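As a starting point, one isolated chain is supplied in structure tokens, in the form predicted on its own.
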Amino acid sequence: MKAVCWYGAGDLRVERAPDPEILNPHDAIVRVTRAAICGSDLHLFGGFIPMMKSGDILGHEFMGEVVEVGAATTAVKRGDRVVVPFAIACGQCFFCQRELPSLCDNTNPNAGTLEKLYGASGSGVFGSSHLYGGDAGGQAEYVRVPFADVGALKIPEGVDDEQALFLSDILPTGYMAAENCTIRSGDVVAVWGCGPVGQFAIRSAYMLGAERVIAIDRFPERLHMAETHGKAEVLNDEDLDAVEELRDRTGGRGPDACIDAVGMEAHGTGVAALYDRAKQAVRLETDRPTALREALHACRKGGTVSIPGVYGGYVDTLPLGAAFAKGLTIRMGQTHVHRYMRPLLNASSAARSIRPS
């Protein structure tokens, strides 16, 4: 089969790779009909995530048709059209039973290495670093799906592939980012980053009761989408000081909740942004936390900062003193996609209203 393979920072190639095979009776083989590129793929492309190996197949947002199943797989069968969450979950461990599947204890064969770095390991992830298991991803013609009964969700007629594909990652990620804000009716929510996750977070915040959403980015086309289709107020942070502008727009108090949908490769201006870029370039700092720093400064006292943007390791110059003094709640982590796929699919009218045009 053909697949997108990683060979080093900035070096991706479409090459021939071995077709996947059933390795466990709970597996399925899926012929990929749609795949997407995630911001996390760009972190791999840039060489910011360790333990990649030459020839690794990328891609964790995909869907397709089941062409083969293991002997113990019963929930899906050949010919089913399915969408697959990016995290691999067993469905039986302590964390899966508590609807925290991206923290699954049983699907990362390299859990010990991640435990040494972070103190604990999350689940395996398709098309990612070997820190997260090294399972081949979905930017390929075929992919092996472990625990297919737990992860692969059958898609009904009437939902096309391009709509269903969003359920693999970005729609649940945007929705969970907003849900983590514990939004109350009338709240003001600020969203840093108007890429796909940010766009879904904007619309999800409105779904959950926000009165106003203010979107921050530096690309006019993204801000235009957030304003035109997401009905957000917009702020270009290359033209204005985002923190000061947000205070001005909220009567000096700050947003009730802030969402960092940017993550570890944030761009910014000023001394702090130059400092982050220089330290990341020589690997004295793993991440550039410009958006997170602004979110922590901007959020009102007693507010919530939600972080769906990926961070890989260690960062400097975070205003933890400000977060402590203001009594902020910070919620973050890999999305528990399994928890949200079916409810979001079933809420078809809501899903159509969230989908970017």
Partner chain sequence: MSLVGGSLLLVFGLSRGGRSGALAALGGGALIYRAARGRSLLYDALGLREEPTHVARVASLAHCRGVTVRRTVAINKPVEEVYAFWRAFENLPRFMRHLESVTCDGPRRSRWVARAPAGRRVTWDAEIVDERPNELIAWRSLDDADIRNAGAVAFERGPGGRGTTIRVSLAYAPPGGKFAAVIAKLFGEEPSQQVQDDLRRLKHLMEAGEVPTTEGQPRGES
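Everything numeric in this text was worked out from a predicted model, so none of it was measured. Numbering follows the first chain given and starts at 1.
This next part talks about the form predicted together with the partner chain, which is not shown.
Contact annotation: residue 12 falls outside 4.5 Å of the partner chain in the model of the complex, judged by heavy atom distances. Interface membership of residue 300, defined by any non-hydrogen atom within 4.5 Å of the partner chain in the model of the complex, is ruled out. Although the partner is absent from this view, residue 56 contacts the partner chain in the model of the complex, with a non-hydrogen atom inside 4.5 angstroms. Of the heavy atoms in residue 133, some are within 4.5 Å of the partner chain in the model of the complex. The candidate spot formed by 160, 165 and 214 is out of contact with the partner chain in the model of the complex: none of the three has a heavy atom within 4.5 Å. Only one of 220 to 228, 176 to 184, 249 to 257, 108 to 116 places residue heavy atoms within 4.5 angstroms of the partner chain in the model of the complex, namely 108 to 116. Though the partner chain is absent from this view, in the model of the complex it lies within 4.5 Å of a heavy atom of just one residue from 234, 153, 188, 90, which is 90.
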